Ligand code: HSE
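Heads up, the chain below is alone and in the form predicted alone; it's given as C-alpha cells.
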Amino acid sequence: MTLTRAEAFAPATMANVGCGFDILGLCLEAPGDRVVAVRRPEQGVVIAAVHGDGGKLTRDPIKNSAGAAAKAVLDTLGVSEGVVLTIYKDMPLASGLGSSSASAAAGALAVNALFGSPLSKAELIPAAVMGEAAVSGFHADNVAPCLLGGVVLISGTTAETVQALPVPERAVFALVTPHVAVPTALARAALPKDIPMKQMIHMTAAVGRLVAALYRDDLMGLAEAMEADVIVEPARKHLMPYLDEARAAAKAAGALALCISGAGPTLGALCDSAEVAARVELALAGVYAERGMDATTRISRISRDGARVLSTE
C-alpha cells in the first residue's frame, strides 16, 4: 500500500549533561515538535506551514531544520517523489532544549515513515544532523538522543558513533526556561579557544565519572559529575540569568544538581523523585518571579523511546 501521509513527534533533549560538551545528551519526555509529511509527485521538499513559532522560522526548506532533514532522507532513499511538510512547534526557540533538533528528527522520521520506514531511527541520525546543520551546527548531541531516546555518548554523526548508556531509574528533571533567547551561535562564541591542560584533564575525568555513575545507577555520583564543568559553564554563565540563585534554590528544595541544558538558558535540576521535582519546580519558578523575569517551568523524566511515528495513512 502506498502511504500518502505520515506524522511524527520528536521530544526535547538536554545536550552536554553538564560536563559532556558535545559528546553527551539525554532525551526528555516533553515538550516536543510534530511534523506532518504528505507525499507529492514532484521531487523536493515544500514547507506548507509552520505553526507555533510566532512567524520566526523560515519556510525555505534548505534553511529550515525539518526541511533540510527531510531532503536528506529523500536523497538517501533515492525516491523520485517529494513531500509537503507542516511543522507544529511546541518548543521555545533558542532555549537549550534542542528545538531545531526536534524538528529535524520529526521531519526525518515522518518522511521515512511516508516511504515505508526503510531506515531505522539510528540510520536517520545523519539526515537529522544535516537538518541541525542548516540551523545551528554539524553535531549530533541533540538529534541522536532525540531519535533514539535515553542517554547517549556521541563521538560522531553516524549510527555507529552513538553509544547508548544506562538510564537512571529514579532520575527526574525540574526544568526552568527564562524567557531570554540564547542562540547556539552566541553560546558557542562565548567559549574559550584554548583550554589549559589541567582543565582538560578535569573535564575528561568528569565525563568518566558520569558514565561510571550511570552504570552504577548512582544518582549522587551522576550529580557530582554533572556539576564538574570548569570550562563551558563558566564561559557561558553571563548568558544564563540568575544561574547561581537558581542552583541554590533548587538544592535547598532537594535537587541533587543543576546544570545548563545545551546552550541554555534552560536549566535542568536533577531530582530523585517526582515529589522532589515538584518542590524544585516551584522553587525555580520563584527565583525568576521574585526578580520580575518571565520563565517557564516543567518536569520531565528521561524518555527511553525518543522520537516516534504518530500515524500513517
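Numbering starts at 1 and follows the sequence shown. On a predicted model such as this, the values are computed, not experimentally measured, just so you know.
Beyond what is shown, the protein has a form predicted together with L-homoserine (HSE); the following relates to that form.
Screening 26-34, 259-267, 242-250, 279-287 for residues having heavy atoms within 4.5 Å of L-homoserine (HSE) in the model of the complex returns a single hit, 259-267. By the 4.5 Å heavy atom rule, the three marked residues F21, H139 and R236 all count as contacting L-homoserine (HSE) in the model of the complex. Of the heavy atoms in R188, some are within 4.5 Å of L-homoserine (HSE) in the model of the complex. Within this chain, A12 is remote from the site of L-homoserine (HSE) in the model of the complex, having no heavy atom within 4.5 Å. Contact check for T184: a non-hydrogen atom falls within 4.5 Å of L-homoserine (HSE) in the model of the complex. Using a 4.5 angstroms threshold between heavy atoms, N16 counts as touching L-homoserine (HSE) in the model of the complex.
Residues of 276-313 are not found to place any heavy atom within 4.5 Å of L-homoserine (HSE) in the model of the complex.
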